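Just one chain follows, in the form predicted on its own, and it is written as structure tokens.
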């Protein structure tokens, strides 16, 4: 049964699938926000998406993926300027199914404190668990959440790393189910790699995570890049599927934050201000 959707979710852009996963002239069905939708790709690569009742839905192709909306988006899909840089390399990492709210996935992506314990000897080490103070803000003029001046020591920051480094991070939540990470690029420490995570929220507690990479790396084989990213996310999935509740609580009393959770606090406050309810845990009165 389809659920009524709040405008902040209904009228937003949502990832549907990787473009490469759509075969020409073979309709593919997907579950999006507790609704059934169908996507078709023609021989020239054009994609159309329809709801279960036959209504044509808006479509945007970007970052190797198909994005759509069940409503009427008031603005274009989020832009990533780095995609136009000629030395950038795009890699798409497929989908990972997670039995948890898509909002939980975004929040986990923002969390640096778990690096030493979940991604041990890759994104962190247990001997250096501290999260230095960083800055967060809700940029109401563009309706996004940002965390800047984030730093963390990492033994293997990327597939192309040749040793440990103090990585600088910038997080950008462009919409409730779309988040990006700008991270020190090992080949050029003056610039940033970009890692995007777009979530298809199939049901309030069932999600599909699609990651894409915009990297300054023309040497590492694509399979190595993708395997590195999938390894990270599959480690996260274990944690995400064991969190309770599976939906994301927005009440400040539901879960106790620490200083390292400043980005999570801002994200939850922003979701609440936008009236997001899909994937949200509401405690009984």
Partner chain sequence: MTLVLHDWELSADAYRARLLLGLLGLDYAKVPVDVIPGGETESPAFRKISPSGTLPVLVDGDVVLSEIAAILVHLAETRDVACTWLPCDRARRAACLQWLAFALGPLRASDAARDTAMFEHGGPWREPEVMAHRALRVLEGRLIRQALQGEPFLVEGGPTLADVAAFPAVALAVDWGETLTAFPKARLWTRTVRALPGFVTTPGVPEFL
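Residue numbers count along the first chain shown, from 1. Just so it is clear, the model here is predicted, and its values are computed rather than measured.
Below, we refer to the form predicted in complex with its partner chain, which is not included among the displayed structures.
Just one of 185, 80, 138, 96 comes within 4.5 Å of its partner chain in the predicted bound form, counting any heavy atom, and that one is 96.
For the residues 219, 61, 56, 238, the 4.5 Å heavy atom test against its partner chain in the predicted bound form is passed only by 238.
In plain terms, the part of the chain that comes close to its partner chain in the predicted bound form, with a heavy atom within 4.5 Å, is 88-96 out of 72-80, 140-148, 168-176, 88-96.
For the chain shown alone, residue 226 is a contact residue for its partner chain in the predicted bound form, at least one non-hydrogen atom being within 4.5 angstroms. A residue is said to contact a partner when one of its heavy atoms sits within 4.5 Å of a partner heavy atom; residue 230 meets this definition for its partner chain in the predicted bound form.
When its partner chain is considered in the predicted bound form, residue 30 lines it closely, a heavy atom lying within 4.5 Å. Under a 4.5 angstroms non-hydrogen atom cutoff, its partner chain in the predicted bound form lacks residue 212 among its neighbouring residues. Although its partner chain is omitted here, in the predicted bound form none of 23, 38 and 50 has a heavy atom within 4.5 Å of it. Residues are counted as partner-facing when one of their heavy atoms sits within 4.5 Å of its partner chain in the predicted bound form; in 7-27 only 18 qualifies.
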